[in-house]
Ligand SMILES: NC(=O)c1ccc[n+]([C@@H]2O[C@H](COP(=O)([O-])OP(=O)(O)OC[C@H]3O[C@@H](n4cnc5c(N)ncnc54)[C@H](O)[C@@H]3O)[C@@H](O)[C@H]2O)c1
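As structure tokens, one chain now follows by itself in the form predicted on its own.
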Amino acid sequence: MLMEMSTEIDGKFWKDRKVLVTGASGFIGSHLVEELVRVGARVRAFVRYTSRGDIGMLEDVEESLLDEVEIFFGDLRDESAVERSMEDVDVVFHLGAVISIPYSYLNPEEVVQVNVMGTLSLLQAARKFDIPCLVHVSTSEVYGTAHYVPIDENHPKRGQSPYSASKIGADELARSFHLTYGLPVRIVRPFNTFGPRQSQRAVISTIIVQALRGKEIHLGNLETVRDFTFVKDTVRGLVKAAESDKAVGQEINLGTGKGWSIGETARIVLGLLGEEKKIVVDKERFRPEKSEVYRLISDNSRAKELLSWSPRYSFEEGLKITVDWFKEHLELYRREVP
């Protein structure tokens, strides 16, 4: 069972406030929807339609909470759908995106259409309806391999994959709509978020699934370093960014300020499981050499200053909760390599 969210979230602010969450069926989006309902918001969840009509990770949300959510099926590339989704909305959290880096190597045009043009449609609709608060969710991948650590918001941006380039484009569009039209945008940049419900394409998820099912753990580059932030901390940061007028027009990192290599992370997971399994370096899992981002560690000073935000969960605490959840939901995940 996950711990409840910190009481520092302003329940009075959210009571009966109408909120749109794009990317609501995804990992972070589903946790955000869940927390917003808990604090009294009236949530509309923008979910990309599939022929199965499924709602992704929202299926894991407690039924009593999910009953309070309005599901809106659509596609960010459909301007009319985006406009309809934003009618009578007070706050928009924009998480919707194609997020897979390997997929962006194969289909960069789709990634740009969804991540850049979809964001443009959303910004135009927000301007049309004079939305009073828009939280645009970025990614630490926009920084590329660090020129220095910890990485603050002034660090240069470098698109080392089509995905990261598309997110840089989306971020700059969001910034431009604030500077040009006065749209009250906050750009919030989570570092590597992890936790229950995360897809198997993420490194911690694939480590856990392989550790639970396989005889070996197959990974790519074990030396790359990431700033892993537990999903409950990320969600709290997003919510507090919406509450804060100081965040308008700002870029804000959400991270712990600490880094762990992929190899270290795998060993910690194995320790939590009480397992001793061989870690195999699989060259097929490597990114193209010049696309690899070797080190991402955040400077979260601005989040502390503007949002009074800092992580509440240690890496080990978050991993313990995540491992326990995967043990109970392993059937949701496909079998990895042996």
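The first residue of the sequence shown is number 1, and the count goes up from there. Because the structure is a prediction, the values reported are computed rather than measured.
A second form of this protein, the form predicted together with the ligand, is not displayed here; the remarks below concern that form.
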Close approach of Gly318 to the ligand in the predicted bound form, 4.5 Å, heavy atom: no
Partner contact for Arg48 in the predicted bound form: the ligand, 4.5 angstroms, heavy atom: yes
Pro311 within 4.5 Å of the ligand in the predicted bound form, heavy atoms: no
Asp152: touches the ligand in the predicted bound form, heavy atom cutoff 4.5 angstroms: no
In the predicted bound form, segment of 152-160, 93-101, 245-253, 212-220 with a heavy atom within 4.5 Å of the ligand: 93-101
Heavy atom within 4.5 Å of the ligand in the predicted bound form - residue from Gly74, Pro108, Gly263, Gly257: Gly74
Ser164, Ser138, Thr206, Thr224 - the one with a heavy atom within 4.5 Å of the ligand in the predicted bound form: Ser138
Members of 28-46 lying within 4.5 angstroms of the ligand, judged by heavy atom, in the predicted bound form: Ile28, Gly29, Phe46
